[in-house]
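Shown next as structure tokens: one chain only, the form predicted on its own.
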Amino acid sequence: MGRVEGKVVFITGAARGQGRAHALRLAAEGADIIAVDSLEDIATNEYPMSRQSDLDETVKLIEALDRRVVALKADVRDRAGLRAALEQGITELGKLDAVVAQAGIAPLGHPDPQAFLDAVQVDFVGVVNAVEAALPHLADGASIVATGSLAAMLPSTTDNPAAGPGGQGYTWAKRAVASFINDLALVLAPRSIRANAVHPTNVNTHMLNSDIMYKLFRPDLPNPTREDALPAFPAMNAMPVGFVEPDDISQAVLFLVSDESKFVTGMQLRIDAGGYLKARPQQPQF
């Protein structure tokens, strides 16, 4: 028996990156997956978004694990469309046990104020929309997991002027996710539905491996490459690593979806190589 055997999990942003990694890790432990992704670019987000071929690959990899998957195109900003996609998945798979609200963008460096709104709509409103669509279908004891960000917790990172309106929007949205999850956990506790957030440091995905991110890490160079940025990536972390892999976050998501965490709720779980500690040291309180 796998750690989430027989569960059905709804994952947003599942076509690639962390979303795909979460889907595969959960499927490997026995879950069936409802996978959605927008599959379209956003003008203020300067790296390409996933495509249908990416979502098709996620499906192929899940099916290779002998698990069921319903994969659909849906934008987390579109509340009605997202709800319709989820309900189609539930019709095919029979129930819903958990939500992983992973979909996110980082429209950093774009000068248009719309970048602020795009970040808020995807990174925060998208989480709320996923939870709202799922809640009528969740039984007592279900699990909700949302993705925050180490960078949003630290001053002068994504909210520095070089990151533009989109950076400020990203910071606001991810901090709002943390607050939302905290209070959501409280109101859902009488039903034993857990709500937790994971806050990764740099993750080895398309978001990190993008020209705009290289410029933020190496502002001293006019057109930095990944090779130029690699020595700067560890600056955020206390441990001597520049980034973690998507599956490192998936291990935490698996725990939070599984019944092993049945009494864990309202958690702000940092998978950050000590990045928060490095920037915000504090004495333990006894």
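What you are looking at is a predicted structure, and each value in this text was computed from that prediction instead of being measured. From 1 onward, residues are counted along the sequence shown.
Only in words, not in the display: the form predicted together with a small molecule, which the text now covers.
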Of the listed stretches (129 to 137, 182 to 190, 91 to 99, 76 to 84), which one has a non-hydrogen atom within 4.5 Å of the small molecule in the predicted bound form?
-> 76 to 84
Using heavy atoms and a 4.5 Å cut-off, decide whether 15, 147 and 205 all contact the small molecule in the predicted bound form.
-> yes
Heavy atom within 4.5 Å of the small molecule in the predicted bound form, from candidates 216, 142, 153, 105, belongs to 105
Touches the small molecule in the predicted bound form: residue 47 (any heavy atom, 4.5 Å) = yes
Does residue 250 reach the small molecule in the predicted bound form, with heavy atoms at most 4.5 Å apart?
-> no
Would residue 200 count as touching the small molecule in the predicted bound form under a 4.5 Å heavy atom rule?
-> yes
Touches the small molecule in the predicted bound form: residue 237 (any heavy atom, 4.5 Å) | no
